[in-house]
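Next comes just one chain, in structure tokens: the form predicted on its own.
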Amino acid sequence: MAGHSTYVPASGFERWLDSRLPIMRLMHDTMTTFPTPRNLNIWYTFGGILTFCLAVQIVTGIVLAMHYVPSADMAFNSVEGRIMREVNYGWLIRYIHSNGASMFFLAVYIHMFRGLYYGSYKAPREVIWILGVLIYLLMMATAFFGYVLPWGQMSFWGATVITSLFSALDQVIPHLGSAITSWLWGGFAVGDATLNRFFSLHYLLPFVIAGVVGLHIWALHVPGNNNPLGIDVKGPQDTLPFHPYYTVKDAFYLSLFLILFAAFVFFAPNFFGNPDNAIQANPLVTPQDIVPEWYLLPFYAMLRSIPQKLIGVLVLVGALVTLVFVPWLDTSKVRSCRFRPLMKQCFWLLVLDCVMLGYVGAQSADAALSLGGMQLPLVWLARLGTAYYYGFFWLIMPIVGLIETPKALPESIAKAVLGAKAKA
């Protein structure tokens, strides 16, 4: 969908700038006149919402870094004391940043599931999907490093548990995992060195994410947007200029998203937080249940469902790596689940499965579900959910694509949207 530029400089300054640094031409071609399928729905607005969330996290993070002290002795007080009570509007900046992480992940999960439902990972958009998975992995790492910085009880013990997972490599090569763990800690336990390293990485990675987002958008502009029908654009009648049609639409849904965001910041700022993290880190007192933030719970449930440590780590890593291979695991020639009745059912089961894994991950390790007087350990639900997660990608996607009979696809986007009014 990338074509000849229609940008015409409107002034002498613009002509001068365009001949030396064509940034206005780039903005015009990629934002204003970029041909976009005319049938994009609400779920396609989350790409723009995610860009906004990234900008908010970077700006608020820079301000917080000006007042944060990455020291085991002073980190907690620099957050709960100085930032929350002494810095002008520090409480607001901190709550925007902490709740912004949750809103960021909420938007990215919707964005990813939309891509899965409409087949946005299929050719020629494989690189777009892979870059998106890379952004997601970088977000997870950034969020983990950031979760450690307040240096509360859950921060300290979360860092201890997650970094200790590397010790499972001792079962493959003796002392390898322990050496990696000590290297990450910068010593023999989580402490000052660990906090400094995590602070540096938490500050650095958002800018890496911004760079990969730039590549993601660049890759998107080569084949153009996918659409809910999953069919290719046939001509100009199937598209609309991105501005003003989609800029206005995106701005409207961003406003609704901001209302939800503001509701958490002003009325329930600690809704996503763990109460134990309001207590300063104490290496001598272990919390009863150590759990990560909600957006990492499904993978935490997978890890905890496997009693053998090394296999649990491999299952966790495999669940993330699996996402990279999605473009080649789906064997169907039809992109959108709108026209794939069997795959649509399997997809919604995957959504429910991920929600269930998140719920199980939030419960204590020995929790059980009461069913008619019988106690079903939740660990078995986690194992069932893990099996379906892997089964969906490695069995259902390849097999259903071969045996399913899809519904008939529309002739074009214009005819599907406008019906008889569509021009030939």
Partner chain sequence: MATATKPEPTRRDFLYLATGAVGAVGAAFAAWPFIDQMNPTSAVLALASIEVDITSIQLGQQVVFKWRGHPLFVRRRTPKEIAEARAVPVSELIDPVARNANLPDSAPATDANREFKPEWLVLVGVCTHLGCTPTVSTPQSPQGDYGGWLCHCHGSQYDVAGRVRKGPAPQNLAVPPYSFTSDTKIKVG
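Predicted, not measured: the structure shown is a model, and the values here were computed from it. Positions refer to the first chain, counted from 1.
Keep in mind the form predicted in complex with its partner chain is missing from the figure; the text below concerns it.
The single contact residue among 344, 234, 249, 197, judged by any heavy atom lying within 4.5 Å of its partner chain in the predicted complex, is 197. The partner is absent here, but in the predicted complex a heavy atom of 283, alone among 224, 318, 241, 283, sits within 4.5 Å of its partner chain. The partner is not drawn, yet in the predicted complex one stretch among 111 to 119, 320 to 328, 304 to 312, 214 to 222 has residues with heavy atoms inside 4.5 Å of its partner chain: 304 to 312. For residue 157, a non-hydrogen atom is located within 4.5 Å of its partner chain in the predicted complex, even though that partner is not displayed. The closest heavy atom approach of residue 165 to its partner chain in the predicted complex falls within 4.5 Å. Remark: residue 107 does not count among the residues lining its partner chain in the predicted complex, judged by a heavy atom distance of 4.5 Å or less. In the predicted complex, its partner chain lies farther than 4.5 Å from every heavy atom of residue 77. Taken together, 39, 255 and 260 are entirely out of contact with its partner chain in the predicted complex: none brings a heavy atom within 4.5 Å. Heavy atoms closer than or equal to 4.5 Å to its partner chain in the predicted complex belong, across 186 to 200, to the residues 186, 187, 188, 189, 197, ordered by sequence position.
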